[in-house]
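One chain comes next, on its own, written out as structure tokens in the form predicted alone.
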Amino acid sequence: MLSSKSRLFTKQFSSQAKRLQSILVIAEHDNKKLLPITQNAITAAKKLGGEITVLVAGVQCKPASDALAKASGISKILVAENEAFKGFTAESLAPLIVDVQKKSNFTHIVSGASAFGKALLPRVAAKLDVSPVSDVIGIESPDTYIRSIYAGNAIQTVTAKDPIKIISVRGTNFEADNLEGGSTTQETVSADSSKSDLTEFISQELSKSDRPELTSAKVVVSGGRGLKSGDNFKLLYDLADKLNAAVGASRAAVDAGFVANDLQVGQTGKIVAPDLYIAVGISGAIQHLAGMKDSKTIVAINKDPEAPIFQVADYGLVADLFKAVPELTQKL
């Protein structure tokens, strides 16, 4: 049994260790505004304890860094502007992060587990010769993290022993920081080493929609192979318009060519956790469930009473979706 002196020493040592932590958060943004997952990553960083620095790299990205300056609990904002960051390629950003790390010796580097973070952090980890920990859903201590494996069927607790911990966090498992109550100083950092001869950003085509963004929407209506064609997704668009919802799809629907892959929800698509998730004509494969089972309320509409989706649904309707969805839309 520990004596009172031992307990006091342990408590003081733990507090001192927390103060010694220093975290670099990589901001994800479009130069004009922060993407929501950055706010989730900041919340995760605060759970690690210690001083938090946020890196904003882009082209004319001051609006994004100004939004971050309002957040409380952030010690410093580093701003790097260079034409090389057009397109936010991992090849251009990784050298910058490595340079910043070598100058400041952060104990942790944190990013969201988005397509951006998944492309960037493994490259940074390789350059720093450490092992990244991906898709973290919980933080127990500065070096111990919880992550899901096997498409969410198992939970793994990992202790990282590398001197630099590089982690990507699943945004749906951390509350978004409200970016209020602070006034953080901004510091410009050099980005001269970020020009890559291997990769050049040419252009991108972004799909535009008046509906909410899929990963941040409070209501999501998703369709699967049961819709039979892309034209039938109009049933879901009409329903989504009534609910001010985003529209998603299963991998089967995307692979069948019904909708574009930016609507895919699942382990290899987007992870969502809205207040309400309506699954229409989706059987409920493990791959899909991994991307939406953390939703607060799940409603399933499927004519097959044995469909796996009903095992995770809060409300299930065994019915022909071509009759049920128009009726639901009409009543709304």
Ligand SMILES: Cc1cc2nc3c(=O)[nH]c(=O)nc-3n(C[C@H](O)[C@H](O)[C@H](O)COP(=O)(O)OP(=O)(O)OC[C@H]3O[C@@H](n4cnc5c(N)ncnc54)[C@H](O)[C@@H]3O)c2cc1C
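In this text, all values refer to a predicted model and were calculated from it rather than measured experimentally. A residue's number is simply how far along the shown sequence it sits, counting from 1.
The next section is about a form of this same protein that is not shown, the form predicted in complex with this ligand.
When the contact criterion is heavy atoms within 4.5 Å, does A44 count as touching this ligand in the predicted complex? Output for A44 is no: heavy atoms all beyond 4.5 Å of this ligand.
* To do: Give a yes/no on whether G58 approaches this ligand to within 4.5 Å in the predicted complex, heavy atoms considered.
  => Because no heavy atom of G58 falls inside 4.5 Å of this ligand in the predicted complex, the answer is no.
_Please tell me whether any heavy atom belonging to P274 falls inside 4.5 Å of a heavy atom of this ligand, as the geometry stands in the predicted complex._
P274: no contact with this ligand in the predicted complex.
| 4.5 Å heavy atom contact, T268 and this ligand in the predicted complex | T268: yes, in contact with this ligand in the predicted complex.
For this session: Flag this candidate site as yes only if A252, Q264 and A319 all have a heavy atom within 4.5 Å of this ligand in the predicted complex; otherwise mark no.
Result: Yes, all three are in contact.
**Q.** Candidate stretches 298-306, 34-42, 63-71, 47-55 - the one whose heavy atoms come within 4.5 Å of this ligand in the predicted complex
**A.** Within 4.5 Å of the partner lies stretch 298-306.
| request: Pull the contact list for 272-292: residues with a heavy atom within 4.5 Å of this ligand in the predicted complex, in sequence order. | output: Sequence-ordered list: G281, I282, S283, G284, A285, Q287, H288.
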